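We begin with a single chain expressed as structure tokens, specifically the form predicted alone.
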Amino acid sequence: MSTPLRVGIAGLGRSGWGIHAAYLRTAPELFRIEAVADLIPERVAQAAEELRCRAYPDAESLIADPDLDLVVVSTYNPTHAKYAEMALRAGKHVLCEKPFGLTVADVDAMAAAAKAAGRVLVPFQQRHLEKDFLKVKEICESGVIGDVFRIRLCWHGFGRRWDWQTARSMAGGNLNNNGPHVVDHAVTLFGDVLPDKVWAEAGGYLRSGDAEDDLKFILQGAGHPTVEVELANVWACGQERWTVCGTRGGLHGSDKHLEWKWVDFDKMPPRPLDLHSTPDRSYNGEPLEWQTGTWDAEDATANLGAGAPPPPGPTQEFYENLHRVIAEGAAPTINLAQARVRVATMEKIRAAAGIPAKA
């Protein structure tokens, strides 16, 4: 049995405390929380007491701690790349929250620091392991619904926000907040390459800050499906998360239930083009023999849409993989080349929608 990795968590907000600390304290055989840091003294005091660990007033002090193997960077959005690079140069492995850098230049600088230090750098893309996404990916790749040519993802919610994640000065907004997850899904289904064309539109309607709470973008490229995404907190009547069109059928559904249906055209007569008028003035039509499939989530944990806490299962799987990456040299859930494509896609979305990368 391998020795638990000694972990320091920089940032004890919704992710640092509610996701990372919440999981890590349940897996002492793999990870041991040794230190925490936050700018709010009350948070640090609470964590130090509950976790019985060292406490620091800021990320810089935690990174300087010599008795850490892994640093989880879950600070404010604009500081992720800075602290990740700092921790790598201090000889720590790094798990970096999203957004995994705001620019490709950020990613390249972090990757160079990881290579120079001989340490592992991983973006926290746990939603890459969500079961509904993996099932959609499986169906798309199987060919059962034919060649997939259009995919639509809707992460709809409705509600006002007025915290720091609504301010552009803090790199807030839907693209940076939940966007890295849905961009990961979209890019994966697109083909795991940088799209040739990106159209995007962003607006702000219910938030108190100046960042977007309504985002729509479309990824296009020759030989790839067109992927359309809506990530918004302004839909009171939200639509289904998944809609997929293929040349033999399609798929639709949510994170809890998916349905797909298809027609086996190989068992039907060919239909060559006929330029003659139909004798009875009718439209072409034929009976379709539909075959169907369904999927239901085993975990009934609710996923309440944009901004809601993610289900815990993928976090556990992600961290178990991370331990194998560091201890055994296993392949990560998302490698740095894939992370770079996702950040590059986000840069294209920002440019198309007029969203500044940094205030």
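Note that residue numbering begins at 1 and tracks the sequence as displayed. Please read all numbers here as calculations on a predicted model, not as lab measurements.
There is another form of this protein, the form predicted in complex with a small molecule, and it is not shown here; the text below is about that form.
Not one of Leu134, His224 and Thr243 is positioned with any heavy atom within 4.5 Å of the small molecule in the model of the complex.
The closest non-hydrogen atom of Thr103 lies beyond 4.5 Å of the small molecule in the model of the complex. Taking the partner from the other structure, the small molecule in the model of the complex has no heavy atom within 4.5 Å of any heavy atom of Asn233. Though the partner is left out of this view, Glu34 does not reach within 4.5 Å of the small molecule in the model of the complex, counting heavy atoms only. The shortest heavy atom separation between Pro195 and the small molecule in the model of the complex exceeds 4.5 Å. Of the listed positions (Ala27, Leu39, Ala45, Ala331), a single one reaches within 4.5 angstroms of the small molecule by any non-hydrogen atom in the model of the complex, namely Leu39. Between the small molecule and the residues Asp58, Glu49, Asp67, Asp299, the one pair within 4.5 Å by heavy atoms in the model of the complex involves Asp58. Of the candidate stretches 271-279, 142-150, 161-169, 211-219, only 161-169 has residues whose heavy atoms lie within 4.5 Å of the small molecule in the model of the complex.
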